[in-house]
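Quick setup: one chain, the form predicted on its own, written in structure tokens, and binding and motion questions come after.
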């Protein structure tokens, strides 16, 4: 039975899962969820994700939600397929640290900046300059730490591309089209890392899916 991803290609969380599946060269069915119509809050979707958020994921009789949990499932269970997105032994502990950093240090700030600089304009809402300034300052501190880390390692978790890097891709995709891009460009190691991971074919395939919507 083919895996199913229920979501929207415009959701950063759903993008995380789609990129992981493409990195693994796995077959899957994408089931679009009409969020504008509130489909993610309907009973049939809540049976897959009781929190009413995308994505939801099915692999046979296994049903999962929370994008980072899904990518870890894909990476570990299908470890022999496609790109190795996790490591064995002690190195995985370091990868795990940087996965946590993405979730708790990078993503909350990146999400607020995306809301102000990308999504608000889609809804005809005005950008709050004070919120942007506050979160740019927070992002600067995170990126300074990334610059130091990437001076020691080619990628965040280790010297190969892992989930620690992949999880950043949806947010980076949105932020690179905003004035915040200059903050990444100003840090040589961070800038090279961004260019490297954003050139991955798996991301291009997900962006192609998005462009078809």
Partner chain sequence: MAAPVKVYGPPLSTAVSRVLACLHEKDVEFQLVPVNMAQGEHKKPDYLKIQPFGQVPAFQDESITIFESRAICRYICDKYADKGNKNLYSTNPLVKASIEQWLEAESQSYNPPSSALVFQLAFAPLMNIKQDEELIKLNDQKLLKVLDIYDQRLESSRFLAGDEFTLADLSHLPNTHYLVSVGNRGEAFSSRKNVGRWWNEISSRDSWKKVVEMQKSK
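Please read these numbers as outputs of a predicted model, since none were measured by experiment. Residue numbers count along the first chain shown, from 1.
There is another form of this protein, the form predicted together with its partner chain, and it is not shown here; the text below is about that form.
- Heavy atoms of residue 154 never reach within 4.5 Å of its partner chain in the predicted bound form, leaving it off the interface.
- Contact check for residue 29: no non-hydrogen atom falls within 4.5 Å of its partner chain in the predicted bound form.
- Its partner chain is not drawn, but in the predicted bound form it has no heavy atom within 4.5 Å of residue 187.
- In the predicted bound form, no heavy atom of residue 181 sits within 4.5 Å of its partner chain.
- This chain lacks the partner; the member of 93, 126, 137, 129 within 4.5 angstroms of its partner chain in the predicted bound form by a non-hydrogen atom is 93.
- Heavy atoms within 4.5 Å of its partner chain in the predicted bound form belong, among the stretches 170-178, 157-165, 31-39, 58-66, to residues of 58-66.
- Taking a 4.5 Å heavy atom cutoff to its partner chain in the predicted bound form, none of the residues in 155-191 make contact.
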